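The chain below stands alone, shown as structure tokens; this is the form predicted on its own.
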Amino acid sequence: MVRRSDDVIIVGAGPAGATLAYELAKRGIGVLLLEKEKLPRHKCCAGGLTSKAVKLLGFDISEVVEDVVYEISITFDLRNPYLRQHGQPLIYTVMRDVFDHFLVKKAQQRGAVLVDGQNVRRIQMSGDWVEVSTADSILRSRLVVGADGAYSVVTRDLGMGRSMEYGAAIGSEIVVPEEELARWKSRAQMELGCIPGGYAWVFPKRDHLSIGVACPASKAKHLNRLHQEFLNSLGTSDYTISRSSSHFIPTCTKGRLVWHDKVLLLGDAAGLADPLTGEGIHNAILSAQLAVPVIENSLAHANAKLEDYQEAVEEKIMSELRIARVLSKFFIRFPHLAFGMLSRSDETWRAGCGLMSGELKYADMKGTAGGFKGIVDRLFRT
């Protein structure tokens, strides 16, 4: 058994873990980043980064951007398309294997140590240390951070997996002719009617299209068939599917704890995906950045407590998720009204653009609309 000690061990090298490793290493903190797969590794994800997520990073990611979306075609039951445009980027599309590896390399350049191909088997407290056991070693640190996604080992071992709801998604990478790819340049599609309780999407990539469907896990019984029907509706059934996979989208409910003793949870491991849109990367990055000052303080002062991270997440993220959850219930029940608002209401479209750019928060929308009652009134007036 190999035993080594570090200030912080981060389990999971996705956007949350890599961002935290980068920020901590930049501050001279000893960081060990563990990843169960060999990098770069495939990650099932639509690969759409909202512009607000990119702004959070604070450095140029152009070398890993596949396309930049300025237009969104909105349809309902695959009919009546409305093309909406915005003068600034709304979404940057990426391949998650490339993007995640890019972030990890940024962290390594700052001094973080990566050990990939290491499957974490157990997390346990041991006096002043936290021990992380892998197949061939025992590692210990003063703090451990779980950034290992929807199937988090850290969450499981510490009994922190309660108060969670899940969405289900299926995504495919479709190789299409160049003329078809050109038609989708800088344009995405959002379909609101054909997936009960959910939505479907098309994102343009450099040499293919990313096409998928998502809905609450409780409604996912026929999601495979609906995914195929959506592919057929786009005329892509004769094209090559280079890759297809599914995943869960975790979102926390009331009372969710994101810390325990000497352990913090980030991103999907903490259930911080947006319950309305399914977006997880923005809150993954944000949660990592919120954790940085708490970890710094904890390492510097023996009596410092990690619950300050809980308070920061409650204020900056969970307050937004609560509003998004209420809105998602309206949209699930009345998707045709949601379509009407997005496609025909300039005010709603501008609000949606503001959410994607980070210029607006859900709380701002709720306030300007006169609360949830105001939002519901607008739904039924559309």
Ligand SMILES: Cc1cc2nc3c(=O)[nH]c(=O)nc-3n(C[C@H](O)[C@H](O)[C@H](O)COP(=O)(O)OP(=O)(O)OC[C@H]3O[C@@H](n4cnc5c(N)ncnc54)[C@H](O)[C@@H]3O)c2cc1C
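Model, not experiment: these values are computed from the prediction. Numbers for residues come from their place in the sequence shown, where the first is 1.
From this point on, the text means the form predicted in complex with this ligand, which you will not see here.
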| Check V69, E191 and G340: does every one of them have a heavy atom within 4.5 Å of this ligand in the model of the complex? | no
| query | in the model of the complex, which of the listed residues (R322, K26, K52, K43) lies with a heavy atom within 4.5 Å of this ligand? | reply | K43
| request: Check each of M160, I170, I295, C215 and return the one that places a heavy atom within 4.5 angstroms of this ligand in the model of the complex. | output: I170
| Does this ligand come within 4.5 Å of any heavy atom of R96 in the model of the complex? | yes
| Does N119 reach this ligand in the model of the complex, with heavy atoms at most 4.5 Å apart? | yes
| Is A284 close enough to this ligand in the model of the complex to count, meaning some heavy atom within 4.5 Å? | yes
| Taking heavy atoms and a 4.5 Å cut-off, does P89 contact this ligand in the model of the complex? | no
| task | Name the stretch, out of 256 to 264, 69 to 77, 173 to 181, 140 to 148, where some heavy atom lies within 4.5 Å of this ligand in the model of the complex. | result | 140 to 148
| Heavy atom contacts to this ligand in the model of the complex at 4.5 Å, residues of 23 to 49 in sequence order | L34, E35, K36, E37, R41, K43, C44, C45, A46, G47, G48
